[in-house]
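There is one chain below, alone, in structure tokens, taken in the form predicted on its own.
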């Protein structure tokens, strides 16, 4: 049963309609044929029995006179004529008997069967009697009618109709009904097939259009164009009407038409207003036509909607690409988080900062990126912003593998329709700004200290000169071996030391007039190295010179620059103590607009926190009584007067580590000082010198 239903379900709609209509027609045809056969056969039988009754009664009436006159010849002629003139050939026999049962006339050719006299007895008061006889050869309807004159009975008339003849007539009638039913069924099947094909053809057109829509082809046209369109029927000249000269769509589906009486609503409200319009009454079709038009309108609306979505998608893609480009090229770190603080978008600067790919960050939280302590701090801070809707702007300092960094962080809640939907965070690296601020503060402090030191030195210089002069005069009044002379000599020596300090303070505080002249920077470095080399050698300190002979002469104060080299060499030797190397390198930068002198040592190095303070006056890392803290300050001022710059890095970068055999022993991290001097003009060019390694911050 299930297989039969499955097979029927796979048949085409047209076949199903044909089978259904055929079953209905055949069933009704058979039912009507059976009813017709039953009614007809009964009518034929009734008509045959009525005919037998009429024949028997009629024969009885006609035989009265002949029986009274005993005219046996006439009686014989009556029964013979009746049988011979029977057109239907169903009258088998006829005979007449008197009231005593004697046969008076009969139509039997082979002798009268006496047994017939014993059957189908009829009374005097009965108009006739009928019984079905079976003679063994055939079945007969036997009719008997009394021959009466008044109340006197003269005899009995008997006739018989053949049952097989009557049945043959009924069978012929059955076959006629059957053939008629079959012919009507065949005609009905032909008609139903034509009807089914007409209906399914339009349904198949709808199905084909639906398949095209599924495949993405929305330019479907199922309904036929009307023979007369709306502007032709209404004689409309309004070309601004959206339905004007549009032969594909019906005007009752188009909104904003100018036809009088039509509303501006869209389908389906507009269809209700157009049902009484002459255009609709002329062009509207049946339900399938209406379904096809609705399907075309749906496909057209869907096409317009898809086109609108595609335009919106293209615009969104362009805007997204533009936004990604802007976010990726900006050096600021930008992130967007939802109300659950899950990352929705990040830019490349943020990815570089946290050292992860964008796909690893999006979808996660701070707990997936930062340490638990940092993530917990960010979580409470971000939730406070989301709850209060107050933006946050702050500067933070972090320390990492690349040293100290400063960021200016701004966090703003993202609001949509009055509801906070996320958090936008930007962080700008302001480390360079902070460094410039520190340098500016340092310069200002240096300037103030220089002014203070200059004033103090100026006030001390005069009494110090008097002390020195009178001590030298007193030395002339005493012999050299006199103890008083020795004491005065100590006073004179210390006064000389104080004078040297005062001279350094004046040099630091004043911008002296330079004795600028062409000079060779390498010769200056060699002269100072030769001057201090024999002293350093006593402590087994070696000076290695690696000088670039391509450096052209520069304009500078040779003596003051020598003082710079002496300070740097002495500081390096003090940092080494015993057994070490001082590597002096000079080179041209790639753009050949500045030179760089690097003085590296193998000493104990300088702590990171002290690197920014070593050029401040009176700051020293040396033990007490080993330095005044003015050497590097004076060096800083001399280099600044030459338009240059001095900086220091500790520990020494690998490319500046001296690998000569004399320096292969145990050594400290060391410190390297870089002195940059312009080859032309009084200030450094704006471009960077790639030969100087950057201090990690």
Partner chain sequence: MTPRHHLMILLSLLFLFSLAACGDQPAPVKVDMTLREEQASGERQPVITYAYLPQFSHTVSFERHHRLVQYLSETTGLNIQQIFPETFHEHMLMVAQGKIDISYANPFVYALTAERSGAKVFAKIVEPSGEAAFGGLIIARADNPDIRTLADCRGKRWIAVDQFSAGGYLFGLGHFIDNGIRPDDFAEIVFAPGPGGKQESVILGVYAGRYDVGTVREGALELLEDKIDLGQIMILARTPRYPGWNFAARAGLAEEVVRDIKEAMFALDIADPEHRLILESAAMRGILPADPEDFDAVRELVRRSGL
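Owing to the predicted nature of the structure, the values given are computational and were not obtained by experimental measurement. Positions refer to the first chain, counted from 1.
Keep in mind that the form predicted in complex with its partner chain is missing from the display, and what follows is about it.
Heavy atoms of residue 163 reach within 4.5 Å of its partner chain in the model of the complex, making it an interface residue. Interface residue remark: residue 74 is counted as part of the site for its partner chain in the model of the complex, having a heavy atom within 4.5 Å.
For the chain shown alone, residue 345 is not a contact residue for its partner chain in the model of the complex, no non-hydrogen atom being within 4.5 angstroms. Not displayed here, its partner chain is kept clear of residue 615 by more than 4.5 Å at the level of heavy atoms in the model of the complex. Though its partner chain is absent from this view, in the model of the complex it lies within 4.5 Å of a heavy atom of just one residue from 195, 258, 112, 478, which is 112. For the candidate set 289, 266, 135, 544, a heavy atom within 4.5 Å of its partner chain in the model of the complex is found for exactly one residue, namely 135. Between 427-435, 549-557, 177-185, 113-121, the stretch whose residues reach within 4.5 angstroms of its partner chain in the model of the complex through a non-hydrogen atom is 113-121.
Taken together, the three residues 34, 69 and 103 all come within 4.5 Å of its partner chain in the model of the complex, as judged by their closest heavy atom. Contacts to its partner chain in the model of the complex (heavy atom within 4.5 Å) from stretch 29-55: 30, 31, 34, 35, 38, 42, 45.
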